[in-house]
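Heads up, the chain below is alone and in the form predicted on its own; it's given as structure tokens.
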Amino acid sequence: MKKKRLLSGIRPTGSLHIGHYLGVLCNWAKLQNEHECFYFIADWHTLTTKYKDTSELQSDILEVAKDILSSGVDPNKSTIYVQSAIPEVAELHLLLSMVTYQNWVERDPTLKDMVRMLAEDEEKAKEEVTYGLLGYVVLQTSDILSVLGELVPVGKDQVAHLELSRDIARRFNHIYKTNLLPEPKSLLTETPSVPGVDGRKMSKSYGNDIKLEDSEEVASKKVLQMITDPKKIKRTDPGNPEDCQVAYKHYEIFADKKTLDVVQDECKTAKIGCVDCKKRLAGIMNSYFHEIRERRVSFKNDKDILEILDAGNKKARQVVRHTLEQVRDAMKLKTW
């Protein structure tokens, strides 16, 4: 049976953290064995909200690429590329924008999410919306359709984001009497909620994240900062794992059932203090990410990464060029 073509991307915001790994990268590594996968580093998407400072953009791209590769995504199985290395995607974005109604874009939940990233004050955020950000969802659609993507892995809260991509593909096919563009379907993936060390959502901007690049020593120090049961003040106080919203949540993600049973008992009966409990958690997490860290440090220089990206860029561009040729043909645009 022919494998379906799948596309997914990630914004280069610097070194990725364990939340990115659990929510995206480990799924990418699994899906590459089931589908024809195209994974891209979305630097154009980053510019829609962070265009004012691009000083670290290139280094961020390389760091994200290292995290992708060290997480088990195999360039021999998947096509890994940089969005801006494929200029044909920008032309496709332009052409698809011609058939996309303005009110479709304005009501799309993706745009609303992006606007919320700009500022907490809604009116101030609206003032910061650029033409590029307004077209974010059309560019997102162009990414998918440029490789004729049939599947897009998303969490349950992102299913609605794909509806506009289907609408655009359907409208293009109807206007130009073709079946060229597929209507991409969502591939639901499990996305565990990973709290940061302070209890808020794990995020680089909050400074509460544990990065894939962190050494065992750095990661252990961050684990020891994790919030535990606020009612367990003294070492001899019994605790409740259900009230330990950060440390125990990570136990649930990384530990096996036998260990969880031990943690439950030791916490409730005050057989162990929170510091020792978190030290054990640090050991479990360091063991979990040991191979990933080893693979990451194996990239001794940027040249190795650049060669992999260059190969992926060439492969992706060939596919996208073919798609664009067919789109131009359907629209009766001459290739000069």
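These numbers come from a predicted model, not from an experiment. The numbering used is simple: start at 1 and walk along the sequence shown.
Form predicted together with tryptophan (TRP): not shown, discussed below.
**Q** Does any part of Ala42 reach within 4.5 Å of tryptophan (TRP) in the predicted complex? Heavy atoms only, please.
**A** Ala42: contacts tryptophan (TRP) in the predicted complex.
**Q** Gly9 near tryptophan (TRP) in the predicted complex, any heavy atom under 4.5 Å?
**A** Yes.
**Q** Although the partner isn't part of this model, could you tell me whether Asp143 comes within 4.5 Å of tryptophan (TRP) in the predicted complex, counting any heavy atom of the residue?
**A** The answer is yes: Asp143 has a heavy atom within 4.5 Å of tryptophan (TRP).
**Q** I'd like to know if Val152 sits close to tryptophan (TRP) in the predicted complex, meaning any non-hydrogen atom pair within 4.5 angstroms.
**A** Yes, Val152 lies within 4.5 Å of tryptophan (TRP) in the predicted complex.
**Q** Mind telling me which stretch in 212-220, 72-80, 144-152, 175-183 gets its heavy atoms within 4.5 Å of tryptophan (TRP) in the predicted complex?
**A** That would be 144-152.
**Q** Sequence order please: the residues of 276-295 with a heavy atom within 4.5 Å of tryptophan (TRP) in the predicted complex.
**A** Result: empty, none.
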